[in-house]
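What follows is a single chain, given as structure tokens, in the form predicted on its own.
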Amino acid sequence: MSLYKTAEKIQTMEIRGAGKIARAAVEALKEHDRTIDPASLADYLEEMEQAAGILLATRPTAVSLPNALHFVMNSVRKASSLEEAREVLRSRADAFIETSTTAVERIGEIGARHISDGDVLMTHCNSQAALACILEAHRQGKEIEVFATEVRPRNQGLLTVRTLNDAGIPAHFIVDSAARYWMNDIDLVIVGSDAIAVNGAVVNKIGTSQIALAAHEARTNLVVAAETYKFAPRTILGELIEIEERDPEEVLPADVAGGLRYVTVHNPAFDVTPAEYVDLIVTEQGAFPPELAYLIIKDYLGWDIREFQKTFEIDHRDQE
């Protein structure tokens, strides 16, 4: 698929989901490399930087997209010849695609170690990473049961309990507001994440922070399962992760809301769970306490704070 076709599909959300977006962008870089015939290393770098910029502009608030492009391009920029640059791009692209494809499986293996035989678990939304941990623990023969919330207003929890049911895992389907009611019966809460900030704060499906607060109050551990490419590097400079506000008709149909003159319907898709309510973050690279989020951004994703400082300074001058 061409660079521009891939960019269009990402922008229109025909390609969606953190992992799929990241892999599609990296694959598009590889494909673009095959279609150009640069005369020099400088020409090649200019062409590939432009290509990366086109892809990055499709979803400027996405977390996985800049991480994937940086994983590839950061090494390409260090090449000393045109031949080396092209070889590095292809090898780094292949490495990212392979690693991200197997990330959930690896997370499941690591996360299952933190689930004990006889545990009663609680999960929220339909995280493939969180489910991988639960399914792997069950596969290992651990006797577990799971409380899954319905996840209003889109009811993603129904997908979760179907997966659990198909695997033969005893499950309980509860309304979101019943999480605290059951929390004292829970041994471990395990959820996924859409983004993780440098301070370890977790952005996930709306309702996660309330469950985390209930778990904290009940002294129940909370584990977050997430791929490393979901860590948000720009939060190093204090940049906030945008919280999407979805269509209010998901909550209340227009024909009903239209008769409520003084009522405004809100539908935030995510919320932020403070790092102090998170006991462990499980990634494909291992399990870390939330306060080590910066090291994941720096060591595993390869971001340097100086890169963001430079960008910040340029943006600041443009605004003056």
Ligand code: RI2
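One rule holds for the numbers: they count along the sequence shown, beginning at 1. Only a predicted model underlies this, so the values are computations on that prediction, with no experimental measurement involved.
From this point on, the text means the form predicted together with the named molecule, which you will not see here.
Comment: the named molecule is not present in this chain, but in the model of the complex one of A93, A129, A171, V198 has a heavy atom within 4.5 Å of it, namely A129. In summary, the region of this chain contacting the named molecule in the model of the complex, judged by heavy atoms within 4.5 Å and restricted to 120-128, 213-221, 133-141, 171-179, corresponds to 120-128.
When the named molecule is considered in the model of the complex, Q156 lines it closely, a heavy atom lying within 4.5 Å. In the model of the complex, the named molecule sits beyond 4.5 Å of every heavy atom of Y44.
In the model of the complex, the named molecule stays beyond 4.5 Å of every heavy atom belonging to G207. The closest non-hydrogen atom of Y277 lies beyond 4.5 Å of the named molecule in the model of the complex.
Annotation for 241-277: the only interface residue with the named molecule in the model of the complex is F270 [heavy atom within 4.5 Å].
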